[in-house]
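Encoded as structure tokens, the following chain is the form predicted on its own, with no partner shown.
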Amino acid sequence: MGLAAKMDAPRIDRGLDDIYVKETSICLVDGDRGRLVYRGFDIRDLAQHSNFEETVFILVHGRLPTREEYDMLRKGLAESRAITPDLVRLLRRMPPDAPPMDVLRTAVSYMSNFDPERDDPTRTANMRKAQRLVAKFPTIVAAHHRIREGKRPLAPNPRLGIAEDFLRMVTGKRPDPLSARIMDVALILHADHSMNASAFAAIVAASTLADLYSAIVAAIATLKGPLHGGANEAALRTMLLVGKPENAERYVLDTLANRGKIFGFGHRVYRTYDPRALILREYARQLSEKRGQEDLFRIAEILQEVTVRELKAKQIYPNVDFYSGLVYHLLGLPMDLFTPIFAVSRVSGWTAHVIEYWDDNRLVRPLDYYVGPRDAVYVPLDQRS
């Protein structure tokens, strides 16, 4: 490329770090002050006082529900939680070693064919579809897990909340109150996080006026990547690899010296502690004591202390993935379900963003700057040496 071409080159924002693609009233991530806000409500207040069902209403409707609205939502979600026998048969036909995220993606795509409102573009129809998606995600994930273990899927219990019933459908037993509450809070904390990669993927698909299911399938495919939804599994693997608290500091120092990555640390937005990590850290402590696995929590604490100390100049702190994997492990959930659980929660945020975007839709069509040859000479095949 010549000097003139280089001087005329546009600014390339790789990763779209500083690009705004829409206005939103759904979620605010304040990376400097370590705040996460849904529709004006601080995540710490929701984690203390709310539940996942109410959080779904807040994200989609933009306000707190009345008692009547709340009761109607819980009833509607409970009634929509069951999946059809056809979908169960599809889950049974999946290969035993199929990644659960791939199964979820396939199941949602398949499920769309049986929704009579799939192609209804009205806001009210999309709100109903969003409710059905939120309700069925936990049942799909739990049913597939039971099937691959050679067990019978458990039907949803409409008397239980989504979080408690999800744990029951996965493990086969009703969880104790502390475990049920921690699962509920984990779903609240993962419900939305502004314009992350999977939310943006959903918006790109939705901008073409594809149906809501298609947009959510795009989001699931994006969330699968280890740089987005899979970091909590990697963080837990690190803790298990370290093995003993006395090994933790040396692990961090050796990893950093070899320019390795400590999973569960750093964030493109936060310049301080991720508020979700602080909440889950306390729950991880409580669960580790309850399960008699204090050493595992101590390993996590030392990994955090040493990593923050060594990377202080770079403002690297633990993110939600660092403690969420530990919490799920202590709840008895298998590692390859961690990212599907993320989706169980995040589908509420995805649908909220898509519905909001459709209020003022514009096809997403960015530019790329061409740097290849411009005057290549075509040579017919039989003349090429």
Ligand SMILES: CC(C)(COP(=O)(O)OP(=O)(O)OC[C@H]1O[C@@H](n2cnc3c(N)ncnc32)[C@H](O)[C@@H]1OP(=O)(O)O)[C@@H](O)C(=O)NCCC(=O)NCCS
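Note that the coordinates shown come from a computational prediction; the quantities given were computed from them, not determined experimentally. Heads up: residue numbers just count along the shown sequence, starting at 1.
Keep in mind the form predicted together with this ligand is missing from the figure; the text below concerns it.
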**Complete:** Checked Gly260, Pro85, Pro177, Pro95 for heavy atoms within 4.5 Å of this ligand in the predicted complex; positive is Gly260
**Item:** One residue of Lys224, Arg132, Arg105, His267 in contact with this ligand, assessed in the predicted complex (non-hydrogen atom, 4.5 angstroms)
**Value:** His267
**Asked** Could you tell me if Ala231 has a non-hydrogen atom within 4.5 Å of this ligand in the predicted complex?
**Response** yes
**Item:** in the predicted complex, Arg298 touching this ligand (heavy atom, 4.5 Å)
**Value:** no
**Leu311, heavy atom within 4.5 angstroms of this ligand in the predicted complex** = yes
**Request:** Determine whether any heavy atom of Arg271 comes within 4.5 Å of a heavy atom of this ligand in the predicted complex, and answer yes or no.
**Result:** yes
**Prompt:** Counting only non-hydrogen atoms, which stretch in 312 to 320, 63 to 71, 343 to 351, 325 to 333 is within 4.5 Å of this ligand in the predicted complex?
**Reply:** 312 to 320
**Request:** Output the sequence-ordered list of residues from 83 to 110 with at least one heavy atom within 4.5 Å of this ligand in the predicted complex.
**Result:** none
